[in-house]
Structures are given as C-alpha cells and as structure tokens.
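Next comes just one chain, in structure tokens: the form predicted alone.
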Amino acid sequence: MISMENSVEINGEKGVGVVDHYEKGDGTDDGVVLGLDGGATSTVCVCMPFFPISESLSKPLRILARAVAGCSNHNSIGETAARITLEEVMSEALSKSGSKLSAVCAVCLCISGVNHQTDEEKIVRWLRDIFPSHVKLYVHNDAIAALASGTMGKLHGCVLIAGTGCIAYGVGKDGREARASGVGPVLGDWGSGYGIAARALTSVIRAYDGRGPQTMLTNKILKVLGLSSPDEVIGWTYADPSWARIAALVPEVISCAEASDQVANKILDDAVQELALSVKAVVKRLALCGEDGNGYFPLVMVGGVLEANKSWDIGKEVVKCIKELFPGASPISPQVEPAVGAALLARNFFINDSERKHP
C-alpha cells in the first residue's frame, strides 16, 4: 500500500519550520521539489517550485528546469553507473533552476528496476549524504510516475507502460498496489519493445537455418543493421547487451506487419495479448472494475510501443482486448511527462506526510 509510512525518506527527519516555510513561499527561494523518472533508456529529472495544496493544478505547471541523462536501472547498467547517473541528473536540474540544495523540500525518484523495498533502501544509501536532513526522499518503481502523469498526481487506476520494457501497475482506492510483468527480458516481458524485437531477430535466424518460415524481416533487419548475411545477426546481437539497442528494431517489425508479413503479424498479435493480459491481472487483483466488472477506472497508456503506427496500432488493439472484459476502462494519455508526475507526487507525499504529523 502506498503511504508515507511505506515511502523511503532520507534520515526520516522533517526539520524545524520546514512546512511553514514552504507553504508560504511561491518561488524557488521558498522551496522546490524534484521529480525523477528513470527508465531503461533515459533518465529525466525536473525541478518545480513547491506550491501549497490550496493552489489548483489546472494552472499551467511551472517547470524551473529539466535535465536528461542515460539509463539509471541498476539491473541493466550496474549499481555504480546507475548511482552516477542519478546524482548527476539531479545536480544538473538544480543547477539549471538556480536553486540551492537547501531549497529542496522533497524528492520523488521513480526508477525502473526498483522492485522491492531493498532496492529503495539501496538508493537511499546512495543519496543519504547529498541532501540536508529536512529533505524527504520517496523512492518507487517508474510505473508510479507514469500513472501520476496521466492522473496529475492522483494515485488510482492502472498504467500500462510499453517501451523498451513493459509493466502494468495499479493502485486501488484503498491504496493497495499490484503489478504484472516488468521483470526484464530474461523473465519474459514479451510485450515490450525488447520482446518484440528479440522475437523478430529470432525469426530471422530460424528462417535462415530452416527451423522457421521465410519472412520479410530478414531483408528489412539486415538492411537497417548494415549486415550482409543472417548469420551476422548473431554477432551483432551479442556484441552489446543493451536492451534499448534491440528494442530500436520495433519499427521494422511494424513495417513488415503492415506489408502483410505473417511472421511479423504473429509477433505483434502475441505482444498485444501479453500486454492486455498484464493489465487484466492487475485490474482483477485490485478489483478496479468494481464488483460487477463494469466499473470505471483510468487506464494510462505510456510508451513508444503503444503509439499509433499507421494501420498497425498496438495500443488500439490492446485497448480493444481490455474493454472486452472491462467496459469501464477509460484509456487516457499522459497529461504531463512522467518526471513531472514524479514531482507532483513528491509535493503530494510531502504535504500528506506533514498533515499526519501536524494535524
């Protein structure tokens, strides 16, 4: 269950007069929040001025600064590289905003690869000495930021992310959480960009050695990779373990599917079923659809794999599958980028935490 008690904080201290100071301020000198969205491909950090709960979110949100870095998933690039990425991107965002470290009141880091409380604690240990003791640090999986990007900081509903990786993540009205997939390529994120492209590469090899049917994917992929023979695909694939490098081949699969290649169409059809299955699992566990199965719930759709692609629209097909079972599902696109969603969470978590301590 998402709550302040379950969120990870730096040193667990509020600091003297912090709430009063930030609630009265309206600029960078009076307090800022940092929101960070760290994925398998890139990491984005935004710095926003802290604003009190009385202010409406309907106003244009003021972004003081935005910084971008590479992957921060420690499972993908290792702990040392991930730590460096996180520290540098937050430092850059603060520097660009002109804000001092002492002005930070809360930070929400939403990072892929954060799958357990031990992951949260590990990241806190990395950052414990960076921020003053009054700063609150909340650490979650990056799916939480994606959900907040569609609901403007309200944690209710389900988000489906399908980019380099994929995950379905939901939060019920009672605060309970559930997730499906989001376990990386080895354990089967088959609906992800990596999963789609990896199956395409496998199909090329199978067609080459006689285990599978011939496919347009062979010439398409060889051309885009600058290779002359299917057997060179083996060396190319293992030369660099980057997930994003493989996932970049998804457009070629879609192109072949649109040209009626049966192998490519089968790969995309299977990906649609896998993505829909992940959403269905989360919705059922949290009863987001209500007792009758027809209740409304927001379904935030995030990631390049779900974007419209001419005649082959993966996102549209996923929604069709979901609504057959859950008519009340309401697909919505992100209203802000995930890093801004994380910043809104940092602000909301901080306010809620302070209200509990000082009713």
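Because the structure is predicted, anything quoted here is derived from the model rather than measured. All residue numbers refer to positions in the sequence shown, first residue = 1. Rigid core: the largest C-alpha set superposing within 1.5 Å between the two forms.
The next section is about a form of this same protein that is not shown, the form predicted together with another copy of the chain.
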**Study point:** Complete contact of 185, 205 and 278 with another copy of the chain in the predicted complex (any heavy atom, 4.5 Å)
**Key:** yes
Study note, to complete from the structure: The stretch from 92-100, 157-165, 252-260, 172-180 that lies within 4.5 Å of another copy of the chain in the predicted complex, judged by heavy atoms, is 172-180
Point to revise | Contact flag, residue 285 vs another copy of the chain in the predicted complex, heavy atom cut 4.5 Å | key: yes
Review point. Is residue 274 close enough to touch another copy of the chain in the predicted complex, meaning at least one heavy atom pair within 4.5 Å?
Key: yes
Review point. Looking in the predicted complex, any heavy atom of residue 246 within 4.5 Å of another copy of the chain?
Key: yes
Check your understanding: Looking at the partner-bound form in the predicted complex, is residue 130 within 4.5 Å of another copy of the chain by any heavy atom?
Key -> no
Point to revise | The single option of 209, 121, 269, 79 touching another copy of the chain in the predicted complex, heavy atom within 4.5 Å | key: 209
Point to revise | One residue of 198, 216, 84, 289 in contact with another copy of the chain, assessed in the predicted complex (non-hydrogen atom, 4.5 angstroms) | key: 198
Point to revise | residue 215 C-alpha shift between this form and the one not shown of 2 Å or more, rigid core reference | key: no
Review point. Aligning on the rigid core, do we see the C-alpha of residue 260 shift 2 angstroms or more between this form and the one not shown?
Key: no
